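Shown below, as structure tokens, is a lone chain in the form predicted alone; questions about how it binds or moves come after it.
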Amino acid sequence: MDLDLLNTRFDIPGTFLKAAPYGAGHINDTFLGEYDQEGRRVRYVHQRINRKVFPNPVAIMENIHRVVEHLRGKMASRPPLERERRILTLVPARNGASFWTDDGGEIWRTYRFIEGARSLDVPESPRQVYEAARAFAGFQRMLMDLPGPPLGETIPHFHDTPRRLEALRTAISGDLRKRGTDARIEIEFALGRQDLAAGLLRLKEQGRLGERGVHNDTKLNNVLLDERTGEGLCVIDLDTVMPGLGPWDFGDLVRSAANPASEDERDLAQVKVDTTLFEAIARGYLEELGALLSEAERASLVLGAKVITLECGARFLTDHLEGDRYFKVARSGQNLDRCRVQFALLRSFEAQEEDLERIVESCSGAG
């Protein structure tokens, strides 16, 4: 695919200048394109959706279109330039659709690039994770009155953690790459936490937790922060927005943002839940959403962090055993290192669970 053809497929005025790979996402192929528009250099984000991960990319684009239009309506009173910075803007294809299909059947989409904003893989301050938490909670709040039928399920059973452990067992039994021996400790750790894996779904089955529209992938780097003010601006990467449980979103943000170590840190002594960062996340999340959460949802927030961390570690471990088919890797063993970080973080959650519960309780009055 020649990237310089994309402005002929999407409604992008001006002359194509250049495009290059962009970001550090594990799934889709992302490129930053630059165009000359009457002497102004304007940037756009082009993405090719990974059909191996998302077998129904059209359903994804239907979800995203519904969500961004709903958010735009919620912010209708704000100035247009502010709305453009707080909501992803899909650039339509020349045929009017929200995506374009190339000759190979690949689905492409284009967003306007949000200038003056940045994302972070590792937090630099409590203020940053507080702003991220407010942004994700605000996103969830605005989806509460999304009209029409429920959003489509873009990845079935995405946060079905017991099913993720079953997939791990299948990978262990196959072990086609003969990697199981080196991962023996991690395998035992994951399979020894089956009761934890079922914790949130058990509450759902009991009727104590209800579904709502949630992001489902609330990593720190999926929210843009204003470069000048540090404010949380825009929630991005909407491929997994679909019905789910609120504690999933809180838990995934804690998993990614309350640990100051990198995702593939090899010195596991650096991996821990930083209670200052955790408190900032809880405060931001509950200030924005707390009044709308049920008592059971608030009581399940720490559990959500533990479950999602277990799940993410199991997914990295499964992918390592299966030959790194899902998550992109830059080196051999990177997915196993990612798994080890998640399990070290879960140990830290377990060791500090009472303290974390007290922090949530102290922040609960914020909403």
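The model shown is predicted, which means the values in this text are computed figures rather than measured ones. Residue indices: 1-based, along the sequence shown.
The same protein also exists as the form predicted together with adenosine-5'-diphosphate (ADP); that form is not shown, yet it is the one meant from here on.
- Look at 317-325, 61-69, 299-307, 22-30: in the model of the complex, residues with non-hydrogen atoms within 4.5 angstroms of adenosine-5'-diphosphate (ADP) sit in 22-30.
- adenosine-5'-diphosphate (ADP) in the model of the complex is not approached by Ser98, whose heavy atoms all lie more than 4.5 angstroms from it.
- When adenosine-5'-diphosphate (ADP) is considered in the model of the complex, Asp237 lines it closely, a heavy atom lying within 4.5 Å.
- Among heavy atoms of Asn221, some come within 4.5 Å of adenosine-5'-diphosphate (ADP) in the model of the complex.
- Contact check for Ser262: every heavy atom lies farther than 4.5 Å from adenosine-5'-diphosphate (ADP) in the model of the complex.
- The partner is absent here, but in the model of the complex a heavy atom of Arg112, alone among Arg141, Lys204, Arg112, Arg212, sits within 4.5 Å of adenosine-5'-diphosphate (ADP).
- Each of Gln47, Leu88 and Ser119 places at least one heavy atom within 4.5 Å of adenosine-5'-diphosphate (ADP) in the model of the complex.
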